[in-house]
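Okay, so here's just one chain, in structure tokens, the form predicted on its own.
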Amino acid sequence: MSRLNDPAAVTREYATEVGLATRRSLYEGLEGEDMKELLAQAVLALRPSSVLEIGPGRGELGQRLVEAGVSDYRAVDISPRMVQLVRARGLSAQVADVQALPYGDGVIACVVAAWMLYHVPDLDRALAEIARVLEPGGSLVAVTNSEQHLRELWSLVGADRFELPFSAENGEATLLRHFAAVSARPVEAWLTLPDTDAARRYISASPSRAHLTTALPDLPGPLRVGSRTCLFIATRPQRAESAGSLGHIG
């Protein structure tokens, strides 16, 4: 078993796109609001002059933003393979760590971190770096899962909840240590695992829980599970303030 923010485990997981593609295939029949669409809409509603996406995956969001008119898009990832996939779309990307971003102070209008902050070993260091590169009044748009995400599946293998370093439950308090204001939008949607094989494929592709694959009993039929996520928008103050002083806001 590995932790979601174990650097070695994260490096192994994202050396290829196979695990990511396997997990994402589960969501093709999603019923309800699609968080990926809500994320794109939230970023575009800010009308940012520049966007830095941290952990861009295969680059789908970046391509969507550029096609919608974002002229200055760039991405960073610790995975050379993910950077390669983003560049294959004609987008700017480089290998870099969110804990030490290769940008000057106040040069980015919007930072996007979707389903990746729970992978960071030193979360406060990463958030301080994000706040540093954001221009005054700039925004971080972050998405993460709830501790109750897919609980109908995980309860069958004796793991009723995730303990995430950055979750729907603790995200607002964490962000307020570094940002002046934070809004949160929780989203619950539903999807169906058609059979036992599909459920086991998903578990086996989950970095911190693959060891539970064989613990899943045979399903009597399709399994309906809840996708529970949250979108956060955190705003950097218009003037410089210390992280300590921001901890008392809200």
Ligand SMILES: C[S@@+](CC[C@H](N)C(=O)[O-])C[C@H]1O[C@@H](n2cnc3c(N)ncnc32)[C@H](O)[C@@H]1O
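Keep in mind the model is a prediction, meaning the values are calculated, not measured. Numbering starts at 1 and follows the sequence shown.
Another form exists, predicted in complex with this ligand; not displayed. Remarks below refer to it.
Comparing 110-118, 148-156, 127-135, 172-180 against this ligand in the predicted bound form, the single stretch with non-hydrogen atoms within 4.5 angstroms of it is 110-118.
Residues 163, 185 and 233 are none of them found to lie within 4.5 Å of this ligand in the predicted bound form, as judged by heavy atom distances.
Residue contact check for residue 65: none of its heavy atoms lie within 4.5 Å of this ligand in the predicted bound form. Shown alone here, residue 203 lies farther than 4.5 Å from this ligand in the predicted bound form, counting heavy atoms only. Heavy atoms of residue 35 never reach within 4.5 Å of this ligand in the predicted bound form, leaving it off the interface. Put simply, residue 20 is close to this ligand in the predicted bound form: some heavy atom of it is within 4.5 Å. Exactly one listed residue, out of 82, 140, 93, 168, brings a non-hydrogen atom to within 4.5 Å of this ligand in the predicted bound form: 82. Scanning 24-51 for heavy atoms within 4.5 Å of this ligand in the predicted bound form gives just one residue, 24.
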